[in-house]
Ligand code: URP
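As structure tokens, one chain now follows by itself in the form predicted on its own.
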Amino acid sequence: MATVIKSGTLVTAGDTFQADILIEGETIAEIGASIQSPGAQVIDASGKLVLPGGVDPHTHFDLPMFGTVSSDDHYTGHKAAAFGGTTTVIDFVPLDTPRVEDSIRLWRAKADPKAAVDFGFHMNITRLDKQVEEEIPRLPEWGITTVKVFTAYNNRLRLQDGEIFKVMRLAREHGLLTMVHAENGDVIDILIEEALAAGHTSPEWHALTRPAWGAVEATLRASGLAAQAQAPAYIVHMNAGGEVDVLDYARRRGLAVMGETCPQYLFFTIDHLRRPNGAKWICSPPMRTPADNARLWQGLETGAIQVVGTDHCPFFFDGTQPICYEDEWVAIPGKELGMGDFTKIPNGLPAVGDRLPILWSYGVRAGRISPNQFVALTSTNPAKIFGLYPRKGSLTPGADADILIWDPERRLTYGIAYAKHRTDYNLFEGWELTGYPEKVLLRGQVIVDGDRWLGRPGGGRFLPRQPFAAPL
């Protein structure tokens, strides 16, 4: 059956206008005034905004860490994403097998039967041997057009600069984009050793042993490597104001370097780690200062930063106490594992369902960004950068009918009562919001209707992406 969304105000990355949308099957068939389609289901969007579904290019579901696993899997995390207005997510495949292809196969086996929204993968390149070098060019065969490298996590995930340079050249040759986790792993290791020797074990030392200058320096180094490899690069989870300066410097000189930040780096600081429950705010890279918050906001306002993702990787705050999720009691070991030692606290936060509602209230309504910038940062830009546009991130004929009916006047006190993450806390508990998704459509089907969940495990699809996406 066809569906018509009538009388809404469409908001895209570049325009705002009133129109109807005709959906036939899974795609948008027509956009125009007063569309007539006899027998079609009608969704009345009068007084509401109509937006493309959110695209979150940075998530970690079912990720093993520190003897436990992130508490959202590819079903619960997708469900949380949908309730927050995100209909496409991109997860990371760990390189846990000798062959890249086998690692991808294992991650598909975990994700495919559980997926509730559409999804793609990035490939972590955490070692570089002959086998991996031979398989990187084959990634587009498996639908993956992005690789991620690390300048931190020595002896676990990090590649040396020369290896990163080699990856970037291979990526350029085969139309892939290299994503970079930018910190200084050598400095971090020294500072952690010194902190523990001095008896500094509280959560704030997670931030104090990962200095902002390390992120700034590593971002400049990654930009320089990209320039020398003549390859595009994407800096993930930018957290320090100096990184914005470096990104702006690189882009002004014509480098194809792009950047992403996350809600936690816009709103929280090291002082949150100093609270009695500071472990809730442990993630890597860590929270910084109010000055860093302000500079990151400036980066969004001016377009120096192209994307707001989440780095969603949740853990229970107290995994010894079960919570009820979909009528079942669940307890997963979490941040209590690091009680008394910050190095043992699982690194990560719940955020995939918070991103759009929080950014709307405290970005758009606060006058920091426009509704069009909101759509660009959370949907259209990531769709373009990661080879999904115009199928995703757009309201155009032929695009997938991933659509949000957004009530810009709905008021609520946010927190775990609304967020659907499978964890026992929310960073934005008690925050007052104005503006929230009313209905969420995935390829033409309503999967969220107010407080009702209509999605299902297996309802989401893997998204093979095409190489050689043009950098923004």
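One rule holds for the numbers: they count along the sequence shown, beginning at 1. Here the structure is a predicted model, which is why all the values come from computation and not from measurement.
Only in words, not in the display: the form predicted together with the named molecule, which the text now covers.
K.L.:
Does the trio D118, K392 and L441 actually contact the named molecule in the predicted bound form, every residue with a heavy atom within 4.5 Å?
P.N.:
No.
K.L.:
Could you check which residue among K280, R355, K148, H74 gets a heavy atom within 4.5 Å of the named molecule in the predicted bound form?
P.N.:
For this set of options, the contacting one is K148.
K.L.:
So which of W213, Y325, Y153, Y249 reaches within 4.5 angstroms of the named molecule in the predicted bound form, heavy atom to heavy atom?
P.N.:
Contact check passes for Y153.
K.L.:
Indicate whether H122 is a 4.5 Å heavy atom neighbour of the named molecule in the predicted bound form.
P.N.:
So H122 does not count as contacting the named molecule.
K.L.:
Contact with the named molecule in the predicted bound form for K48, defined as at least one heavy atom pair within 4.5 Å: yes or no?
P.N.:
Output for K48 is no: heavy atoms all beyond 4.5 Å of the named molecule.
K.L.:
Taking any heavy atom pair closer than or equal to 4.5 Å as contact, tell me whether H58 reaches the named molecule in the predicted bound form.
P.N.:
H58: contacts the named molecule in the predicted bound form.
K.L.:
Looking in the predicted bound form, any heavy atom of T126 within 4.5 Å of the named molecule?
P.N.:
Although the named molecule is absent here, T126 would stay clear of it in the predicted bound form, with no heavy atoms inside 4.5 Å.
K.L.:
Within 4.5 angstroms, counting heavy atoms, which one of the listed stretches 282-290, 185-193, 384-392, 240-248 is next to the named molecule in the predicted bound form?
P.N.:
That would be 282-290.
K.L.:
Pick out the residues of 289-324 whose heavy atoms come within 4.5 Å of the named molecule in the predicted bound form.
P.N.:
Stretch hits, in order: D311, C313.
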